[in-house]
Structures are given as C-alpha cells and as structure tokens.
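Considered here are two forms of the same protein chain, supplied as structure tokens in two stand-alone entries, structure 1 and structure 2.
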Structure 1
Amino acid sequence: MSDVRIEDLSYFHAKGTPYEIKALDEIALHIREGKITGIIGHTGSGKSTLVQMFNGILKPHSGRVLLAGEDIWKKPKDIRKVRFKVGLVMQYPEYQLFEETVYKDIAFGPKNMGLKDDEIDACVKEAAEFSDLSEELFDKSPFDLSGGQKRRVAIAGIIAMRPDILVLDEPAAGLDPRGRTAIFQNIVDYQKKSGRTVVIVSHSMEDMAKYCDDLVVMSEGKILLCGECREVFSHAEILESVGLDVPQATKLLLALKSRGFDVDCGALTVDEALEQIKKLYHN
C-alpha cells in the first residue's frame, strides 16, 4: 500500500517551442493512502496532466513525484514498473480496447508485467468481479459490448494489474445517469474491498461530493484548494469565483443563507440539506 507525494512539481506543454504553456505550476500535494481523492477543475486546469505524472507517463520538468516515499524517476529505466503500481485509466478508456476477446484484453496489462498464466488468470477474474463483469462475457469481442460494458472492461484492464493506486480520469464521462451511478458505485466498492488508494478526476461536483473523502481543486495549473471534501466545499465562494459549480444542495443552502436564514452551508448531499432545512421549520 502506498501514498503519493508531489513536491514543487512544474511541467510545460510544448517546452522549448513558441507555444510553450505552463501546465503545472509548482504543485505540492499529498494523496492519502487508502482514501478516495477527487481532483476537480476545468478543462485546461492541469488536472489530466497532473495524473499523468503519477505513473510517469509524463516526466516533470522540475520537482519530484514520490510513490511510497520513493522518487519514481530515480531510475528512469524502471519507469514501466511504476505504471504497474499506479494504474491509470484514461478518459474514454473504451478506445484502448483491441483484443479479440474481453478476457484477452483484460489480461494485456498482467501479461506485460510478465506474470505466469495462472497468475494472469487470477488477476483477470478478480478484476472482472470488481468491475461487475460476468464471466460469460469473457469470450465475447469487446467491440460487441454496450458502451457502459466497454468502459467497465477497460477499467478492469487496469485493475487487473493490481495497482497500489488506481487513478481514473473522468470515469463516467458521456454515460447516462444510470451508467454514472453504476461506475462510481463500482469504484467505491472496489476501494472498500481492496483498501487501496483511489484518485478520481472529474468536473462533476455532485459526484465528487458523494463519493470522495478528499478533494483537490485545480485552476490554471495551480492547486486552489485541497483537503477533506466537506472543508473544501465550505469555500463555495472560491469555487464559484473560478467558475466551478458547487452541488445544487449546497447552492440552495447558500441562497437561503443570503436571504437571512440561519443555515449551515457545509451540506453536500440532499440528505444533509434536508436536515438543515427541516431545522428551519422547527425553529
């Protein structure tokens, strides 16, 4: 099990060209072990760039990435090993499916790790279970599945590497409400059962509020806020100042407060807001 620590990390897109852009600006961050951390921000805020630092897809131009206390770039030749420890699920991961069968596709990662056949088999079955995929699908072509199923196969392909840290970039993008809830529920269950660290990138505040323990808010390559979910959402005005939406329930309480009602605006979910409002009626 391990945590991630980012120290003074900076990164430039298209470095050395006239189009150079500072994507990450002296980021310092700690991802707690065994928790679900959400990273939120607009397109271009640097959140997708940041998660590609975690597994060494991108190399920082300055600063360090420490995985369980160890600099991942200490031995650049061993960077592939880091990718097995930090599993990164990219945006729209179903576009990475390529094998003839679901089973083979999930096995691609474990195979690259150089595991033996029986170990691979165990990894694939375990990952399929975590991702709520029945074994009947194993022999099907991944291209014949529905959109939601394809996404789950792609996520299983990463979970099968048994990473210490699972990072998901917009895991629910483009799915309908039922699909969204199912994917997030899967991720939460996975975290609970495995006890491993999970990082989710998203721009849906309501989903983040519902599923995350910690939250990191990014804006223009910098960390704007970070800490436990509730604490971050208590700074609603900062979030709104960079154009990020707070959950509707929180917004409602803020609106009531601005009208002079005495409510605590820390509520994140409908249940909590309901309690706050009911109190108003009782007073």
Structure 2
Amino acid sequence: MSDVRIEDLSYFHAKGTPYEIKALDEIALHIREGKITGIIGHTGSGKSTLVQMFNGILKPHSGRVLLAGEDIWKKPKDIRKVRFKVGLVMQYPEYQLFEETVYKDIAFGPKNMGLKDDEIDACVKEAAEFSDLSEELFDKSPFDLSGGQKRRVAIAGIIAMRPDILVLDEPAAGLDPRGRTAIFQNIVDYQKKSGRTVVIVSHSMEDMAKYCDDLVVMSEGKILLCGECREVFSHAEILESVGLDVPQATKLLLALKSRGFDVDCGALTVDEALEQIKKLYHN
C-alpha cells in the first residue's frame, strides 16, 4: 500500500497563452494510507485537475507528487508504472468502455501489465466480485448493460490492476439514488476487504459524510479545509462562505445548539443525529 503527498504543487491550464488559468495554487496535501478520502468543491475548484496529478496524467508546473515517498516524476520514462499503482476512474467512465465483452474490458489493464493468462483471469474475477458483477455478464457486450452496470465494469477494470491507490472522479454521477448507494457501498466494501487507499471526488456532502474517513475541501484552486470528516464539517460557516453545505443531520444539530440545546454537532448521519435528539428527552 501507499500514501500520496503533494508538496507546493501548482498547475496552469493553457500555460503561456492569453487564456492561462491557475488551476492549482501551491497545494500541500497528504492522502493517508488505508483510508477513504473525499475531495469536494464546486465545479472549477480544481478537484479533477488535482487527482489527475496523482498518477501522472498531468504534470505539475511546480512542486512534487510523492507516491510512497518517491517523486513520481523523478524518472519520467517510468510514469507508466505509476499509473498501474494509482488507478484513476474518470468521471462517466462508462464512456471509456470499448472492448467486445465485459471480460475483455476488465482484463485490458492486467493484460497491458504483462500478466499471464491465469493471473489475468484471477484479477478479472476478483475485480468483478469487488464490483458486484456476476460472471454471467462476462460474455455480454458492455454496451448492452444498464448505466449502473457499465459504471461497475469501468471501476472493475481499474481494480483488476490491483492498484495501491484507487481514485474515483464522481463515481456516482448521473445514477439514481439506488445506483448511487450500490456504487458507494461497493467502494467501501472494496476498501475494507483490500485495505487499500481510496480517493473519491464528489459534489455531494451527504455522500462524503457517509462514506469517507477524511475530507479535502477545495475552492479556487486552493485547499480550504482538510482533515477528518467530523472536524471539517464542524466548520459550517467556512463551508457556507464558499457556497458549500454541511450534511442535513449536522445542520439540524447546529440549529439545535444555537437555540441552547446540549447536543454534539459532530454527527454526520441521520442515525447519529437521532441518537443526539433522543438524549435530549432522557435528560
């Protein structure tokens, strides 16, 4: 397993042109090993640009990206190896499906890693199990599947490479509530069983509160807040100042506390908030 450290990283879109934009501004960040870290912020805050630094899809204009303590750009010719260690599932990954069958699509990454057929088969079946895909789908075209199934196939294709770090950019975008819950539960189960590091980019504070250990809040190319979820969500005023929100459960408890009720505002879920409210009746 590995962690990721970002040191004084800056990146410009269209650098050197009249349209130059500073997308990331001297970012410093530590993604903890073996945790689920959420990265949240409005469109244009730099979330997707940042995670594309983790495996070298984009190269910083200044600063460093350290994977397990090593600068990933120390040997530029080896950047391909980094992409096997840090698997990135892009937003709407189902648009990246291209093979004839589900099996071939999931096997594409392991095959390009040079694994033997029996190793590839083991990786495909393991990834399909993690992604809640039945082997009955292996011979089907990925284009004949539902939206949620396509999303799981795309995620399985990255998991099949057994990366040290799994990065998912808006993995539940466009899915209905049931599909969102299924995707996120698969991700949580994968992390618990594998012990690997997971990073999730999302717009949803509710999802981040429910599924993540740590949270990074971005605004205008900078990190606004960073820490464990409960700590980050305790800064409701700062979040609201940049147009972000806190989970409804937390918002309810903050409102109660402002009215003099003795509650712990660290609750992130409805169940946790309910326990706090029950205590009021017992006091």
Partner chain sequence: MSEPFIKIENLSYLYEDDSVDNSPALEGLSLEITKGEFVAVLGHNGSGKSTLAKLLNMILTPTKGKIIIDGKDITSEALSDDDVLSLRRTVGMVFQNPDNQLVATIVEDDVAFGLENLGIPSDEIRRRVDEALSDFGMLEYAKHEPHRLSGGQKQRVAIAGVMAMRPECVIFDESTAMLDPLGRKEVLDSILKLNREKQVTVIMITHYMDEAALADRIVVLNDGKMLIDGTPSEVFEKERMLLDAGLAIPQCTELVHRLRDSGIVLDGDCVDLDDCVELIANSIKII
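If you superpose the two forms and keep the largest set of C-alpha atoms that fall within 1.5 Å, you have the rigid core. Every residue number counts along structure 1's sequence, beginning with 1. Here the structure is a predicted model, which is why all the values come from computation and not from measurement.
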For the form predicted together with the partner chain, pick structure 1
Does the C-alpha of Leu9 move 2 Å or more between structures 1 and 2 once the rigid core is lined up? no
